[in-house]
Ligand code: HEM
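One chain comes next, on its own, written as structure tokens: the form predicted alone.
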Amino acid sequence: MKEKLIQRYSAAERINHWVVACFYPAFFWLTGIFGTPQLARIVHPFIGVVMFLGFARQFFRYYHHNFITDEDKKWMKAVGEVMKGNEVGDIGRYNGGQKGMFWLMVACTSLLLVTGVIAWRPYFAELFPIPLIRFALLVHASAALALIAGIVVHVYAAIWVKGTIRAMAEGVVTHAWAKKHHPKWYREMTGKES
């Protein structure tokens, strides 16, 4: 019997996700493809703008699904149970962890853009005093570290929950996966009560 599937993400949503992922800071080791560290430093701000624009598209596509509800708070308080495979709460399209990651990305990418512009030589840095540039670099590095830590957890969680990677690779999940991990969203997508 063929498994019943629900579309979780369209092709455009998946492409947007992978574009942002490709510009993720943990791929810094790829700077070697630019030849020299100096060239990588020149290219870095432009790549940062592409990452920001890609995430901005995701923001406007998903923000309305990411407001924290009482069910999400229940999920967050029981994350230990969730890690054991026992889902908690009547979860919609995204759970409390996914929503937390979304808002972390909003904060970090916004900080990275603002501080990156302040420190961007030779284009904008001359417009700002040196103490502000130094502070911006500190905030920039801190936001990058927070984002990297969040992305590591995000990727680990996607691997941990069997069937999740398929959603970003193929755009679909099984009915059983949706019903177990996102029961409210499952009902919204299928019109079924259970």
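In this text, residue numbers run from 1 along the sequence as written. The model shown is predicted, which means the values in this text are computed figures rather than measured ones.
The same protein has a further form, the form predicted together with the named molecule, not shown here; the description that follows concerns it.
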property	result
Full three-residue contact with the named molecule in the model of the complex, heavy atom 4.5 Å, for 17, 105 and 158	yes
Contacting member of 47, 133, 139, 151, with respect to the named molecule in the model of the complex [4.5 Å, heavy atom]	151
In the model of the complex, the one of 56, 145, 168, 43 near the named molecule [non-hydrogen atom within 4.5 angstroms]	168
Any non-hydrogen atom of residue 21 within 4.5 angstroms of the named molecule in the model of the complex	yes
Exercise: residue 94 in contact with the named molecule in the model of the complex, heavy atom 4.5 Å	yes
Heavy atom of residue 67 within 4.5 Å of the named molecule in the model of the complex	no
4.5 Å heavy atom contact, residue 98 to the named molecule in the model of the complex	yes
